[in-house]
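Given as structure tokens, the chain that follows is alone and in the form predicted alone.
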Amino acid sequence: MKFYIVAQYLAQIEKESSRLVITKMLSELISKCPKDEISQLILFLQGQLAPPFKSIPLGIGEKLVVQSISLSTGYRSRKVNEQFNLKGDLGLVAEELISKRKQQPLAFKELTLTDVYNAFMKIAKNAGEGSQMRKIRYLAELFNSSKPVEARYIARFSQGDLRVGIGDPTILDALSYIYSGDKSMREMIERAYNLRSDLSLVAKVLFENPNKLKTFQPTPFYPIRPALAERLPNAEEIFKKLGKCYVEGKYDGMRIQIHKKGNVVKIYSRRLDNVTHMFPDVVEATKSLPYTSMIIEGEAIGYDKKKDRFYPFQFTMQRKRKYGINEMKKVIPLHVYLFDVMLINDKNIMDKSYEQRRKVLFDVVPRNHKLFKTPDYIFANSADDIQSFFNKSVRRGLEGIMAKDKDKPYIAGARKFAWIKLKKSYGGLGDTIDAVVLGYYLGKGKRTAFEFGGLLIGTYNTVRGVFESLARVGSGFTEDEMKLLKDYFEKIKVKRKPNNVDSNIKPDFWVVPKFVIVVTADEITVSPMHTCAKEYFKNKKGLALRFPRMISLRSTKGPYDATTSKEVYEMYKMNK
């Protein structure tokens, strides 16, 4: 497939604001792609060379792209940087400078999608002495053969985001449109994606034989998209919804999914990144379990044995470092609270009831194991049981509780009231919100020096397929966090509002919606300014947060894993 066709479609999609039109244009592009290139196209649209769990990062920084554009066009790096500072987008810089390059390449080759993908794969796998210069040369060779519009998306892909407002939900809809003309196949396609977490594989199988998607089963080393919890305001509402149910303590740690096949163990984060290197102790403990294969899920949390208490989430996350892990596991020893099992000895048990999965889980976890534990739990026969256990859990320093329907299967990647969480009170909300950053503001007064004054945040509307504004957050940041956020957002700021953002409020700078923070507030109110959940209100009003403040950064969640607009609306109704 000619790469120029891909670039032209992306340029048209970038100008469009209608989600339905974008979906149809995307389905048209995908349907034109040959079967042997469909995986490459889907990955390119996602801005990645492989799914996160395969750990193939591009490893291309801004400076490398600047030098590559300079080498290809004949303009000095200073000129490229000046344009970058002006436009805030290396894609637009590459497009403009290649359209008026000072030097013409000696050889020009019309690019195919495969050419572009293979070139980036070669760049990603290049390592060792002199690798930086080789990467610059390989990327410059791509620019040499690029038309201006192709260069825009080559430069953006090198930074991991095409900036056209296409996320996984839109791609899933587009794949459904190809075969049914509407979203009716979305559920089947998404089920397969939830089980394999590789949209390029799902698309490839869909093109070969759609019926094969129905046969997908949990498979070791393909992480399963995690089950998600609903929220209700109190124990009474939970019991009214579930009746007699299991209730577990909710731990504020790092959610992990452990896979084993033979003597090989891999561990994945909530975002499905391969984080095996963080947990050598968990790997060794898993190897000792007497099962040929398994997929099991739990919460890893640092534990202070001397004081008999859990470390805060940020302490546990220090395990994320690449070096010194063996020393760190001594400083921050773990407890891993295993709470569900999806596969055991090659047998799929996701479709079993929670009660049946629990029996398997308790067989899997050895009693009095040094590392592996099961959460404290009760079987609740009444709302009073739930409330009593909640109070006890909070006194122990836990986040709250998780109530689970005893009859429901494991529902990957979705919220369907199989699990319901009740957390200790944060402000007037009774819970926190994981919000996506849509833009940021320059600092004033004491914050002038930081060039950072606050954030515009929003939530994802799963029906409309857009991020909707919820609040402007101006408090809760430390000086270190302000500097960190400003430096990060400098890299992903864009000149105009992304076409997958619905906001009446304009920040000083828009950013690509990909970064998640945890916020709380005094209450959720109806607002004429914000767009969150606006379909539930008349006169174009939406929901907003009153006196919002940031609690922490949430690096373990992606934008589509954050709190949805519907969830905020449900929280609003609860508070009412």
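Numbers for residues come from their place in the sequence shown, where the first is 1. None of these values were measured; they are calculated from a predicted model.
Keep in mind the form predicted together with a small molecule is missing from the figure; the text below concerns it.
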remark   = Contact with the small molecule in the model of the complex, heavy atom within 4.5 Å, among 402, 245, 485, 350 goes to 402
Answer option from 279, 157, 75, 339, heavy atom within 4.5 Å of the small molecule in the model of the complex = 339
remark   = TL;DR on 202-210, 250-258, 159-167, 173-181: the one with heavy atoms within 4.5 Å of the small molecule in the model of the complex is 250-258
message = Taking a heavy atom within 4.5 Å as contact, would all three of 14, 463 and 502 count as contacting the small molecule in the model of the complex?
response = no
query = Can you check whether residue 19 is within 4.5 Å of the small molecule in the model of the complex, heavy atom basis?
reply = no
inquiry  = Quick check on residue 299: any heavy atom within 4.5 Å of the small molecule in the model of the complex?
reply    = yes
inquiry  = Residue-level question: is residue 153 within 4.5 Å of the small molecule in the model of the complex, judged on heavy atoms?
reply    = no
key: residue 375 within 4.5 Å of the small molecule in the model of the complex, heavy atoms   = yes
